[in-house]
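Let's start with one chain on its own, the form predicted on its own, as structure tokens.
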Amino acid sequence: MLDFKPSKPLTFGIELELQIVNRRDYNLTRGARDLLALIERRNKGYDIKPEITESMLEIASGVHESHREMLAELIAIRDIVLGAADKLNLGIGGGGAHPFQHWADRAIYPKERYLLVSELYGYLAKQFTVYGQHIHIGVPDGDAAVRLTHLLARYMPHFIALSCSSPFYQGVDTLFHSSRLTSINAFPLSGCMPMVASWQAFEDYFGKMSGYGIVASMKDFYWDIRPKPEYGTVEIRVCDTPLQLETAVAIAAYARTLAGYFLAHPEIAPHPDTYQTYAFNRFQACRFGLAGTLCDVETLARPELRQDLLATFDRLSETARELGTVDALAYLRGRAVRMATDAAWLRERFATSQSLSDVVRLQCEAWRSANTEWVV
């Protein structure tokens, strides 16, 4: 039995994984334990914790109904983290992957769950030193979670392209806008949830997988989007961590608006072929970002990803007004019209300096700075 804990529909929260670097050459460093020890003295109950390797830190918002309140909370958390990092002469940055670190140099954080993952998956655990944004959207019950997971799957390329910030990996330009998801593809339980029709059907599936001895909990599924029964949410996991908080919050507001649209239109059903084109569309977003080409199973059209995104924003305009997310969608629209992504910004910085160390230094400055395009 996999109980689904109901939550208030369209409440939302986010988790952000952050890079911890030294300030000599801006490579990753094992700073998580010292940083967390210092943060603990100043923390006011905020959710700040370790991740799988000692060069990572995760921060999480509380449960919100307003993206403006979410941003205010995350700015307060950022200030606490940066205050501690400054005392330790560490840098903190966003971005989906560190541009030049070597995975073999990473150290697993000494926490039971992470040590078990390392024992099971071997070198994949250290290669998992990539940095993502997870978005949780509240839903009333398990059936709604299953339906929303299937419906949102069609839009995962939008979230990849809006957040892409990992063009460099292991010291080279990958030619991808988001290389981070390639590291996740290596896990045997990555990909998508099967096309089950209800929470009961999902429970049956989970029961079989558990009976086979393949999974023990939902954490064992590394899916791009999945129900999170203990939180009563649907969790989107495809986003790179953006370079600035404002972008992360705006993307979360887009997810909330999209979910609001689908919850308000119960007549819309998931297309049975959604997952037949999923891998193709996902690759297009990772490789080409907003310039990718999608395959739409509803219309059989092949729209440019950016045009598909802008058309979706148009369709969501009434829902955005109802939820108060117009400003967040306008911010994302402006970036999309200009083809402005964090991946492009990183490549531009490298073209100027020809130094990946300098690129990371600028990532850290960007994380510390307010976004002047943000209109809240």
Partner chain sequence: MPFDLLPVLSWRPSPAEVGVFGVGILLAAGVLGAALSHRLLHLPLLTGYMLTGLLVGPAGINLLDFGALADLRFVVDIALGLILFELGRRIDLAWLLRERWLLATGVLTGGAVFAALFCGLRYLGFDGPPAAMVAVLGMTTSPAIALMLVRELRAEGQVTERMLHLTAIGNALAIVLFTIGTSWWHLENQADWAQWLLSPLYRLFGAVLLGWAGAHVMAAVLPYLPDRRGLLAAFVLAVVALLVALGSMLGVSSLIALLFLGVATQSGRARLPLAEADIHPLDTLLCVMLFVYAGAQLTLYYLSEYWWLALAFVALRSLVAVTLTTALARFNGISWRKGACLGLSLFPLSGVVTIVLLSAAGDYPNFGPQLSAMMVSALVFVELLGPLVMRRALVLSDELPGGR
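Positions refer to the first chain, counted from 1. Being a predicted model, the structure only gives us computed values, none of them experimental.
The next section is about a form of this same protein that is not shown, the form predicted together with its partner chain.
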Item checked: Proximity to its partner chain in the model of the complex, single hit among Arg338, Arg321, Arg33, Arg68 (heavy atom within 4.5 Å) -> Arg33
Next item on the list: Just give me the single entry in Leu88, Cys295, Met195, Ile184 that has a non-hydrogen atom within 4.5 angstroms of its partner chain in the model of the complex.
Entry: Leu88
Check: Does Asp308 reach its partner chain in the model of the complex, with heavy atoms at most 4.5 Å apart?
Finding: no
Margin query: Is Ser61 near its partner chain? Define near as a heavy atom within 4.5 Å, in the model of the complex.
Written below: no
Note to self: At 4.5 Å between heavy atoms, is Asp105 in contact with its partner chain in the model of the complex?
What the structure shows: yes
Item checked: Pro110, heavy atom within 4.5 angstroms of its partner chain in the model of the complex -> yes
Item checked: Segment that reaches its partner chain in the model of the complex - one of 140-148, 204-212, 248-256, 88-96, heavy atoms within 4.5 Å -> 88-96
Item checked: Any residue of 34-56 that, in the model of the complex, places a heavy atom within 4.5 Å of its partner chain -> Asp34, Leu38, Arg41, Glu54
